[in-house]
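Just the one chain here, laid out as structure tokens, in the form predicted on its own.
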Amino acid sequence: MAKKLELKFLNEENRTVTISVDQPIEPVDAVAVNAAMDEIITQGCFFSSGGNLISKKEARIVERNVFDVQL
């Protein structure tokens, strides 16, 4: 079960930009995630094709399960 922390932002074109972090520490510290997202926006350390990241949209844990099928 692979898990990812997805940080979703809006850029200058009001389009969603996702930054994924593999194997997040759980339980997720919402305060730390919120602060990290604020810092990413403040520092302007990521750039998208639609411009700078200007606001937070959401953060979530995504889990992917793979089950093999016998052929």
Partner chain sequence: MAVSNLISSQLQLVFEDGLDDSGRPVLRNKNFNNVKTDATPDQLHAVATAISGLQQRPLHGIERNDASELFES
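Positions refer to the first chain, counted from 1. None of the values given here were measured: they were computed from a predicted structure.
A second form of this protein, the form predicted together with the partner chain, is not displayed here; the remarks below concern that form.
- L10 falls outside the set of residues with a heavy atom inside 4.5 Å of the partner chain in the predicted complex.
- Proximity of N52 to the partner chain in the predicted complex falls within the 4.5 Å heavy atom cutoff.
- At the 4.5 Å threshold, heavy atoms of N14 stay clear of the partner chain in the predicted complex, well away from it.
- Remark: V21 counts among the residues lining the partner chain in the predicted complex, judged by a heavy atom distance of 4.5 Å or less.
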